[in-house]
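Next comes just one chain, in structure tokens: the form predicted on its own.
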């Protein structure tokens, strides 16, 4: 029951959210915060044993002979669940300020769909096999469509169609056939230390299977199946934070990493060099998306293409098939989550407080919103991989893992992409603090004397920014927690 509870807790909150409705907003938001706190505390109780080597599991029923619906905890899933649960609390707090400050409609529907999405995320994190994960992966897609189309405009509906079309299309065309082929070859879909595919097929067949997985997991946003992510930016900023940091894209790269580590196995990938091509696809994506981000004036679109790039860091870390690369990829799931959610929180705060959406409009705004832009600067440093941001450690491990694999070009791609990160992220807080505000903004200052966004939003973005610094100061627990992912058979 302890493994089922993380999936049920968010769902149990839904009747109370609906009952509170729009008339009792305080009660509705308190329910969401309480459910998030209970979920995080429950996972925190399970974590120490898992990180020490325990693998609790439960089997609920069988889909087919040898394929059960159930849950199993291992280090990567435990870490992902903890990060998602903690950020559910932060995002709910942020949404209280944002949704009220921007006078959004249908807020009860927003919190309800958010709870379903978190339940699906927990199910994916705890899934004991590929088929269970696939079901929650698809539930996450459908539960977030109403969030993407929240505003109900023509633009929102177009974004929702692109979002659903690409994610559902890649799942049906590639991911589901990949799962069926893996079952045919191995006779099981259970996530197993060291993988399940050794000795099941020749190299060409295994490379085909990996290609189906790589492009079927559309939420990982590898090019050319990345357009859903910028299209989803029509959603309210708390939804963007959910998509980019808490749930959707993280489920994508989490699924990819689970497939590489627990279905193929790091040793098999390394020995047969099955994933070299995938590493280069990821390398291309992280450079190309960074270049596109540089030329986006819309702040959320710039951050969206940044996400496409950062996700490929994680895919590359798994694809180079070294222990350091896999550890770096796992750590980057957490590091990127806290950094990117802070950046989106800041973008939404700027929109609510100053009604600005473009980078070119931010000159001098840091004087009115010092907390927001200070948090943006800290999160940007983490995404770039500079102190005092935790992203330094995950990017260092990714670089070491890539160097160990002998892929010099990919190591260069990592370095170039980090320089591009500097070019498209740091100018934002610099111009906010250092550039002279235009005359029109001085008039706006009189109309908005307090400057910052509503207090709950500011508290949330300061908390997540502080977490990026904490992860820099104390990365060792995270590193040790993930070591169990590769100690069962990783390449040194």
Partner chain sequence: MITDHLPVLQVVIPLLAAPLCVVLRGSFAVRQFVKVVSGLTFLCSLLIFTHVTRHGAMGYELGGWQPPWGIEYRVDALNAFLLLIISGMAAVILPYGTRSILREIPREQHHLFLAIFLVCVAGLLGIAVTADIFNVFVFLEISALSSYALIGMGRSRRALTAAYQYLIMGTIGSTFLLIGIGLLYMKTGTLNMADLALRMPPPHESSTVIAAFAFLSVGVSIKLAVFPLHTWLPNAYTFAPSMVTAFLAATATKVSFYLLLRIVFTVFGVGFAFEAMHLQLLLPPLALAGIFVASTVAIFQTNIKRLLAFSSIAQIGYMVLGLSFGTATGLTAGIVHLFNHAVMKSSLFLAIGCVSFALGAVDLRAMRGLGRRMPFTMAAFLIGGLNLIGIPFTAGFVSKWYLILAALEQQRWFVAGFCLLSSLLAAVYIGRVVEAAYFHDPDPQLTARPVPRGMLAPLWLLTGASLFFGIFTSFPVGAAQRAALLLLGGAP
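Worth saying up front: this structure is predicted, and the values here are computed from it rather than measured. Numbering follows the first chain given and starts at 1.
Omitted here: the form predicted in complex with its partner chain. The next part is about that form.
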Indicate whether residue 131 is a 4.5 Å heavy atom neighbour of its partner chain in the predicted complex.
yes
Non-hydrogen atom contact residue 393 with its partner chain in the predicted complex at 4.5 angstroms:
no
Considering only heavy atoms, tell me if residue 112 and its partner chain come within 4.5 Å of each other in the predicted complex.
no
Indicate whether residue 277 is a 4.5 Å heavy atom neighbour of its partner chain in the predicted complex.
no
Partner-free chain; cross-checking its partner chain in the predicted complex, the single residue of 187, 370, 387, 177 with a heavy atom within 4.5 Å is 177
What is the one choice in 157, 358, 273, 100 with a heavy atom within 4.5 Å of its partner chain in the predicted complex?
157
Whether 16, 38 and 40 jointly form a contact site for its partner chain in the predicted complex is the question; each needs a heavy atom within 4.5 Å.
no
Of the listed stretches (375-383, 278-286, 162-170, 84-92), which one has a non-hydrogen atom within 4.5 Å of its partner chain in the predicted complex?
162-170
Which residues within 39-77 place at least one heavy atom within 4.5 Å of its partner chain in the predicted complex?
61, 62, 63, 64, 65, 67, 69
